[in-house]
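Next up: a single chain in structure tokens, the form predicted on its own.
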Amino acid sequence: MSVGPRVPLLKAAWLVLLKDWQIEWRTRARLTALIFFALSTLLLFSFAMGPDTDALRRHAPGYLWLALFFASVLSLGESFRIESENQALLGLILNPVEPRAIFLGKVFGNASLLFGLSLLLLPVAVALYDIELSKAPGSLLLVLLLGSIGISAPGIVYSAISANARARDVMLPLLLFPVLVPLLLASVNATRFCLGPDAQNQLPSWLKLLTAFDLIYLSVGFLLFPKVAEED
């Protein structure tokens, strides 16, 4: 049961987003861990492939997205750590905040974090994999944004589900990665056409597919999150 009138959905989502940004800015612990983990992943991929420049350039989109995917586990795993302590999530709901506003605020907060991380990884990928960003920079930014939202939408739901689990660090990737496989394939292919030749003009189709994935993940999470929040 909530106390007082409900805060409007979008205003509440914005307040949740601002709260997470402020916490992130004050501590910077998660951001620092994400950056070093993602950079280490890119370096490991380059070392594993060896000095084959053509192979590195060809597989660079996949390496970039795998680094973001692995880093997203750290980001999403911390999304509800504060809320799971001292029943803070229940306090948000009783504040009163619509559970769907919490979902939207968390999704776009995490998406902004991953999108910022992807922008930091791009110059490193240029140096390691000898890729060029001048072909379609606007489309590349759009792909990174859509992919970040697509990771975050189901990730926030599964993060809330596993927040109180004893093995949450293991449960989250086991639940999340199978759901994100289609998004990973679409993101890698769209990025490939942003960085390389696109003789058959396939990029718009992949962008539409990414947008469709985002809308599906957001819609399902928007509908399911109130039930997940009640169980927590």
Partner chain sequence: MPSWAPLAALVVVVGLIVLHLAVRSTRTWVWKVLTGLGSLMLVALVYFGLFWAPPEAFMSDVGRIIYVHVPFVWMCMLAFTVNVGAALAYLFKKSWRTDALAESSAEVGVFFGATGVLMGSIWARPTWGVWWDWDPRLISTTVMLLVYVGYLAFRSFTEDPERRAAWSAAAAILGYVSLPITWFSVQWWNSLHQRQSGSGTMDKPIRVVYFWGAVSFLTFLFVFIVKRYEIARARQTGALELPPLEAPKGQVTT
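Residue numbers count along the first chain shown, from 1. All values derive from a computational prediction rather than experimental measurement.
This next part talks about the form predicted in complex with the partner chain, which is not shown.
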Exercise. Though only this chain appears here, would S162 touch the partner chain in the predicted complex if you measure heavy atom gaps against 4.5 Å?
Worked result: yes
Exercise. Taking 4.5 angstroms as the cut-off for heavy atoms, does P178 touch the partner chain in the predicted complex?
Worked result: yes
Exercise. Using 4.5 Å between non-hydrogen atoms, is Y158 touching the partner chain in the predicted complex?
Worked result: yes
Exercise. Does G196 reach the partner chain in the predicted complex, with heavy atoms at most 4.5 Å apart?
Worked result: no
For this session: Using heavy atoms only and a 4.5 Å cut-off, decide whether all three of L174, P182 and L209 touch the partner chain in the predicted complex.
Result: yes
